[in-house]
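In the form predicted alone, a lone chain appears below as structure tokens.
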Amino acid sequence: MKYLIDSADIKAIEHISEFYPIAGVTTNPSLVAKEKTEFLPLIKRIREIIGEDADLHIQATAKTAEGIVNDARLLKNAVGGSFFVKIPINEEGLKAASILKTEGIGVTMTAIFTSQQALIAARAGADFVAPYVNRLDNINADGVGTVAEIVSLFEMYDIDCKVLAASFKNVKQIADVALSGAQTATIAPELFKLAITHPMTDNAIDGFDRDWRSVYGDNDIGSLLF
């Protein structure tokens, strides 16, 4: 499973990109608005940080198919590289996805809550579908189970569309969607460090350090080899 950063926070994106093996960035209108800054310089800076080859998913805000298609064209031109326009699933969004498919512009159908929505979005030409895991859990549904259903349907019908699992509140949800077969997951910056943290790991590192210092003091390997 590939990992993406779900954020428009430049400092967070810089940090995660430096230390973690990320495949790209996803944003949405809420995340962008949270930054309270000019839109175009923001998305251009994100592209600069992650590079041309990393996936950048930016959501259209137009309501009609024609408007969404126009948003997608303009966004693609603005940020270049590997780009996917995010489109909430509805009739206008499906129409836009079909048009953009013929133009070669990538589409991520978002706000997915059922496997049937995902299947229809994929048939309309979406490259990714983004089911909201934690939001499903919050209404006493099964977020991870829905991801697994979507993965199964795509395999059953040999559909070339990937699952971009989204909306996480804890590391277990992330681990479970990986086990369900989701190809990608987009994660808030604060969850990345939690995903690699374990008290036994900390104990092991402390033990290595303690044993080394008992013999070599504050000298590191570099100082002992030269």
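Small disclaimer: the values here were computed from a predicted structure and weren't measured. Start at 1 with the first residue shown and count on from there.
There is another form of the same protein, the form predicted together with SN-glycerol-3-phosphate (G3P); it is not shown, and what comes next is about it.
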property: Listed residue that, although SN-glycerol-3-phosphate (G3P) is not shown, lies within 4.5 Å of it in the model of the complex (heavy atoms), from 180, 173, 184, 28; result: 28
property: Contact residue in the model of the complex, from 95, 135, 73, 101 (heavy atom within 4.5 Å of SN-glycerol-3-phosphate (G3P)); result: 135
property: Any non-hydrogen atom of residue 169 within 4.5 angstroms of SN-glycerol-3-phosphate (G3P) in the model of the complex; result: yes
property: Proximity to SN-glycerol-3-phosphate (G3P) in the model of the complex (heavy atom, within 4.5 Å), stretch among 127-135, 73-81, 147-155, 87-95; result: 127-135
